[in-house]
Structure formats: C-alpha cells, structure tokens
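Before any questions on how it binds or moves, here is one chain, the form predicted on its own, in structure tokens.
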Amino acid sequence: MNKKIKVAVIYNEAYPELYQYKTDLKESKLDFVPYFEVDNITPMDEYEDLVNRLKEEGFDAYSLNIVDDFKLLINNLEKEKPDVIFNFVEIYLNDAKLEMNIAGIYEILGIPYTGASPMGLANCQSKVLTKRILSSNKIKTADFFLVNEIQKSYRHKLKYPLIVKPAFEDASVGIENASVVKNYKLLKERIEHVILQYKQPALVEEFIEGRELNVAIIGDINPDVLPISEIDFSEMPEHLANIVSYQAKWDPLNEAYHKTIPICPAPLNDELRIKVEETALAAFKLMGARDYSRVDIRLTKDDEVYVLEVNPNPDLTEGAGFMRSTETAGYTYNQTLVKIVSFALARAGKIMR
C-alpha cells in the first residue's frame, strides 16, 4: 500500500479569537441594499475545510496555525515531517515584510512548498520595486513618487486625482475611500496618515481611471492564464471612489463591499483579451510568481493596459477572487488545490501517487 502524501497547511493568525463574531445583514441597520450574502466563517474554518478537501483527494493533510511562534513551526515540521507545505503565511509578528522569511525557512529545511519563492515574495511585497521592474521591461504602471518621511511640503509633477498607499502592504491594507485625493490639502493629509498609521513610506500614484481587471494565472514551468474577471463599478455611488478598497474586500457591513461586483469572464474582444493576457503573464514571470497568482490591471478608455499589482499566493476562498476564474475555466475547487500541490511536489522531483 502506497504511503499517502502528507500536506501541512500552514498559516499565521496570531489572534484567532478576534474572528469569533457573527455578521447578520438582516439585523444590521444598513442604509443601502446589500448585494452579497455573508458566510459567517473564520479564516480558521476555511483552512480546516481546505484540509478536508485535500483529504478527500487522498492526501494526509493537517493544519497548523503558528500564532507568531517560530519554535512551534520548527518543532511541528521536525515532528510531522510533511512531504509538502501549503503555504498561507502572509505576515509574521505583524510585519508583512517577514512573509518571505517564512518561505526561506522552508527552503533551508528542504521542504517543498506552494506558491512564490522568498525572492518572488520580496519582489511583489515592495510596490515600488514592482513598478520599477515592470516599467523597465516596458510594462505600463502609473507614474509615482515615494515619501519616506513627513515633510513640510510635497512637490511633485503628477496629475490629480492621485491615490496614496502604504508601500509595503497587500490585500488592500491601507487603501480606503480617502486614499484617492483630488487636491494638495488632501494629498498632504493622506501621506501623513499612511506614514504615521502604517510606519512605512507612502506611495503616491496617478489614479488610473477605467476598468479594473483581475487576471488569475496558474502553473509553474508553463503557466496558464485563466478567464479574466472584471470588477464592475457601475453601481458604485458617487461618494465612493471606483477602487477595490480594504472595506470593499473585507467589510460586509460597508457599502463598497456590495458595490464592487465581479464579472467573469470579463467582456473583452479577442484582441484586447490577448493584450491583457500577455501583459499579465509577462508580469507574472518578471516578478517571480509561481503556482498561482493574480495580476491586477487597469484598462483605460483608450484600452491602455496598466498593471497595478502582482499578487503572489492570493486568497483561495471558494467562489471568490482567484477561485472564481478557476471555476469559470472548468476546474472544481478540489482540482485546483491538487494542481497547486502538484506544482510544489514536481519542483522537488516528487511524483503524485
């Protein structure tokens, strides 16, 4: 009898008790009509479901929350000796820049793992580095400047409106409706808010008006572009900017959450679709992403393609984001998980049994 492949699903939720809540849209006093229903499940629930899905596919799977404890991680890996790690660690000690260090530990220990390498994670973690790598390879990104510390004034040659972001965050952290600024007064306020609140430089970009596309890519040696998804802003009220803010992604009681409506596949003619796919795939390769990733793109009214971000190891919530594109491509949730694990095993010369 063949031994089952052991998969460690590893994540870091330092304060899991914070997720013990229930959101009831019917009981909430909302001044808008919600579009989405809300599943009252925690990230821990989702990881346990993922473990169960892997077990259904014949793996010996288990989950581990490292809760900011390095020794817990090392001791578990030495005891359990997993064949492969499904890496979901995005932050350590409340520092997103340490994400790459956790992947580096897997490298040192010689354990294959899913998703981007430490270098790929480092490249994508820095929005400025991402922009420089892409622009040097003739991929368009918005013009920008970086503010490292609070100053008396902020001179620039960019055209309003602008958008101000923390330079080293992902998952839309620090991106809110107030991030889009239309004059110098608001710009100054937002720069100083980002530097003080997030303890990191503020990235100021020209705001690219237009359609927003999410391009999911799956694979390692020969990655495939999945059906493109679009965020429909047509229902967004005038008092909210046409952006996928932190609230739009994560707060079901916020109006923006229910006004950023995905369409997959996006309505694009063949010529434009190919142009977007080629740009996203080039960005994926240049930034060192692998296995699964999502490239966020803005499409101007003149069909110019601008890359906003390359997101390695994106959220794998069923029915949302990356998984929306895999489902449209005809993959089940379980099939997608198996594919991602198989890429990591193949890099280590291990064959799925």
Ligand SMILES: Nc1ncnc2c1ncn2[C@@H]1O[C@H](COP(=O)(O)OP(=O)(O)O)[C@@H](O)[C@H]1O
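Numbers follow the displayed sequence, beginning with 1. On a predicted model such as this, the values are computed, not experimentally measured, just so you know.
The same protein has a further form, the form predicted together with the ligand, not shown here; the description that follows concerns it.
When the ligand is considered in the model of the complex, residue 139 lies well away from it, no heavy atom lying within 4.5 Å. Among residues of the shown chain, residue 171 is one whose heavy atoms approach the ligand to within 4.5 Å in the model of the complex. Not displayed here, the ligand is kept clear of residue 258 by more than 4.5 Å at the level of heavy atoms in the model of the complex.
Proximity of residue 324 to the ligand in the model of the complex: non-hydrogen atoms within 4.5 Å are absent; the residue sits far from the partner. Of the candidate stretches 106-114, 157-165, 78-86, 220-228, only 157-165 has residues whose heavy atoms lie within 4.5 Å of the ligand in the model of the complex. 206 is the sole member of 90, 251, 278, 206 with a non-hydrogen atom within 4.5 Å of the ligand in the model of the complex. Exactly one listed residue, out of 147, 122, 175, 96, brings a non-hydrogen atom to within 4.5 Å of the ligand in the model of the complex: 175. If you take 268-300 and check each residue for a heavy atom within 4.5 Å of the ligand in the model of the complex, you get 296, 298, in sequence order.
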